[in-house]
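One chain comes next, on its own, written out as structure tokens in the form predicted alone.
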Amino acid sequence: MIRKLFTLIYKDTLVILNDKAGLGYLFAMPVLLVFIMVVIQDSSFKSVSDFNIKIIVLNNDKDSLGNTIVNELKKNRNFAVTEIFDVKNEKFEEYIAKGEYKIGIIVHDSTTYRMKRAVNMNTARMLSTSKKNNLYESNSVSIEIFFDPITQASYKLMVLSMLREYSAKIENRMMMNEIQKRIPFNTNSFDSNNIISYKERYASVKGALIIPNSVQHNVPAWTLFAMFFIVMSLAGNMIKEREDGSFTRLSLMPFPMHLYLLSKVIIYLIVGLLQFLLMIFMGVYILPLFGFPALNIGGKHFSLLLTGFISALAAIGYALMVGTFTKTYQQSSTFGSISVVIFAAIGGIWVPVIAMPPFMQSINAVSPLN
């Protein structure tokens, strides 16, 4: 029995090695595919973790409010801030309209002065006991913001909320100073900025922090896609053996049919695992040479290999099914390739499952690539 199995394995090895170009494609094409997808999606994943929005600021105020806005924006790593001087509003607007900058902010001359005046008059009105008080400052202080028409709504909301936060801090500080002038008290013992603090971190299981990026998504995703694409080779070989009479001769030999299938499983299991290891090696060592982050495999090497082993078996099982039920090479190649692409789309290979609409998330478990 063992000798017959090795004979079949030897036969299948010769079959797969006979088409050296096809075998080379099984390794070269996935490597090229992963590299291209990482390059294409790198900017998209950076936009999630690091916006790097190009902002231009015209600070004609040159006082508390204008200087605070410029300094706080420059401190934020999500922004690439350029400050310019002595530019007319029309010219300034052209920078954003032409797409050179995503967002433009103009802090007009004497904005801080007018803000102080408004705060002082409103504070006086608030503290006044007179029922008739016309000190209320009705003229609001405005800051002009220009957006590139293609700027995403999330970027707009983020910038607007930050500007409101900066102006609110300065306004509160001015109001406290004005109140102290009218009602003396020790302001050193009051610090509203330290009452509530915010701690940011990524959600993770058992402290295993792996920040999402193009490599973390694309290398595992397209590795599975490549492993399932052996359906083209395996199913094609099965069809070819039936068409040229090899399968008929094998079925007449004195050995059980499960050895025929087992030999193909073993050969393509080796191919699948080699694909898997090649992709992992590329993610860990090759992609960083091109400036991309290295693939973080989490340190659980046995679990990783077990996942690759089971995934390869799933791909082989699907390929055997396609090779069994299709009648011609054209049927197997067409159905196999298109079905793998559909399963890849449903299973979260192209787009992460969390980014899919609810309906698609509810059905992605039917994909063997999920």
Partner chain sequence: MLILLPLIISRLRLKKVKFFGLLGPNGAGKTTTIKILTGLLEPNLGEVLISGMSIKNSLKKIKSLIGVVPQEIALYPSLTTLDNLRIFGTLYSIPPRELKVRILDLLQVYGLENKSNQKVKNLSGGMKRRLNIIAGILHSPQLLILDEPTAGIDVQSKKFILANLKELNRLGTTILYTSHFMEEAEKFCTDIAIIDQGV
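Keep in mind that what you see is a predicted model, and the values were worked out from it rather than measured. Residue numbers count along the first chain shown, from 1.
Just so you know, the form predicted together with the partner chain exists too; it's not on screen, but the next bit is about it.
Q: Kindly confirm or deny that Thr7, Leu14 and Asp244 each have some heavy atom within 4.5 angstroms of the partner chain in the predicted complex.
A: Spot residues vs the partner chain: full contact, yes.
Q: To verify the annotation, which of these, Phe255, Phe281, Phe290, Tyr113, has a non-hydrogen atom within 4.5 Å of the partner chain in the predicted complex?
A: Here the answer is residue option Phe255.
Q: Report the residue, out of Leu157, Ile145, Leu250, Met126, that has at least one non-hydrogen atom within 4.5 angstroms of the partner chain in the predicted complex.
A: If I apply the 4.5 Å criterion carefully, the residue I get is Leu250.
Q: Contact with the partner chain in the predicted complex for Gln361, defined as at least one heavy atom pair within 4.5 Å: yes or no?
A: Answer no; every heavy atom of Gln361 is more than 4.5 Å from the partner chain in the predicted complex.
Q: Which is the contacting stretch out of 116 to 124, 236 to 244, 173 to 181, 74 to 82, given heavy atoms within 4.5 Å of the partner chain in the predicted complex?
A: Comparing against the partner chain in the predicted complex, the contact stretch is 236 to 244.
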